[in-house]
Every structure is written in C-alpha cells, then in structure tokens.
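The data below hold one chain only, encoded as structure tokens and taken in the form predicted on its own.
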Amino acid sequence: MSSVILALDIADKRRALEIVEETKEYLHAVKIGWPVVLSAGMEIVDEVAKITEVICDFKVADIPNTTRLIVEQARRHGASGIIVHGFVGHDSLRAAIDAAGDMKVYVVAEMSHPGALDFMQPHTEGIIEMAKKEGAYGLIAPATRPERLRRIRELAGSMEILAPGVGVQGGKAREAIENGADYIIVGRSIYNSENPREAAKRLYQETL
C-alpha cells in the first residue's frame, strides 16, 4: 500500500484530473484544497473520489456551527477525510468530529512552513492532547522538521500522522516515515514534474 498523498493544489480542473489519472497507481489518496475547489467547484471532489480517496484540506477554523456546515459538505461530496485546525478549540473540533460520521478528521498539530514557529509550535502539545481527547482520527505534522515529527509521534500514540512538506519545501520522504509519519503529502514535486507519474513512483519507492 502506498504512503504517498498527492496535494492537488492546481487551479486547472482538466490538468488536475489528468495528474490524478497519471499518478493514481502510486497514491494512497489525493488531498484537495482551496485552489482547485475555488476554480472548479466541489464537483472536483466528487470526480476525484471516483478514482481514489479524497482528503479535503480545508483547514477549517471557525465556530462550531460553521465548522459543521463545512464538514457536512465535504462528506456529501464523497470525501473520506477532512483537515481542520485545532487552535479554535474543543467545541469546534467536537462539531467537526460529530458531523464527519465515518469521514476521518485530521487536526493540524503543526504546519510545515517557517511561520508555524511563530505562534503554532508553542501550542502543538496542547492541540495534540485535545485531538486525542475529542477522538480525532489523525494529525498533520511537518516533514520539514523531523525532530518535531518524531516528538509529535511520541505524543500522538496510535493516531495516524500525515506529513506535508516533502519535496520543494525540503522534507525527505524516507526520513518522514522513519520519524513517525504514516503518510507523506507531496504537491509541487509531483504535479510540476515533467513526468508526474514517474515522480510519484519514485516517492512511492522511497517510502517502502
């Protein structure tokens, strides 16, 4: 089974679907975020969900009622998972989990970019504790900082960890898996490649 999740951050629906078809053999899932949804509408989730599992990367950060409405839409369009922020607190996270049904809820423990060190990292452990208490399925942790990924794995226990930042941001596929990630999230290194299929295959092989 593949440990590679494609971050489909492309604002061109036709090209996005082409890349999914080219790379699906080497993917665990496709992560769909705002760029392609704002361009193509939620129908892109429906279409990709017919090909492989979809995780909606909406990084939901709102009051409980709005959170519920967003999660319900992701579920209605066939997503198997959704990413939410934890810093908004336990009531919003609870709303997400309640609305998700059998859809997996992943909580951002720490993001992969340098700015995550400004305000997010000091609260990472509290976010993980809350995510475990509320019953979230998994966490988002940075492949760009292996030592942080390792620490988050220690705190997460058996929760599933998805690690973004592999490739262009500097994270290494094998290193992320060795430090506790269950799956790596890769975007530009695949979809901007001259041969996305071969790029996905190479990353797949690195994680074996």
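Small disclaimer: the values here were computed from a predicted structure and weren't measured. From 1 onward, residues are counted along the sequence shown.
Here the subject shifts to the form predicted in complex with another copy of the chain, a form of this protein not shown in this document.
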Q | Options 136-144, 152-160, 56-64, 179-187; stretch whose heavy atom lies within 4.5 Å of another copy of the chain in the model of the complex | A | 56-64
Q) Within 4.5 Å of another copy of the chain in the model of the complex, do 73, 91 and 111 each have at least one heavy atom? A) yes
Q) Taking heavy atoms only, is residue 173 within 4.5 angstroms of another copy of the chain in the model of the complex? A) no
Q.
Is residue 30 near another copy of the chain? Define near as a heavy atom within 4.5 Å, in the model of the complex.
A. no
Q. So in the model of the complex, does any heavy atom of residue 99 sit within 4.5 Å of another copy of the chain?
A. no
Q) Should residue 49 be classed as touching another copy of the chain in the model of the complex when contacts are defined as heavy atoms within 4.5 Å? A) no
**Q.** Within 4.5 Å of another copy of the chain in the model of the complex: residues from 116-144 (heavy atom criterion)
**A.** 116, 118, 119, 120, 123, 126, 127, 130
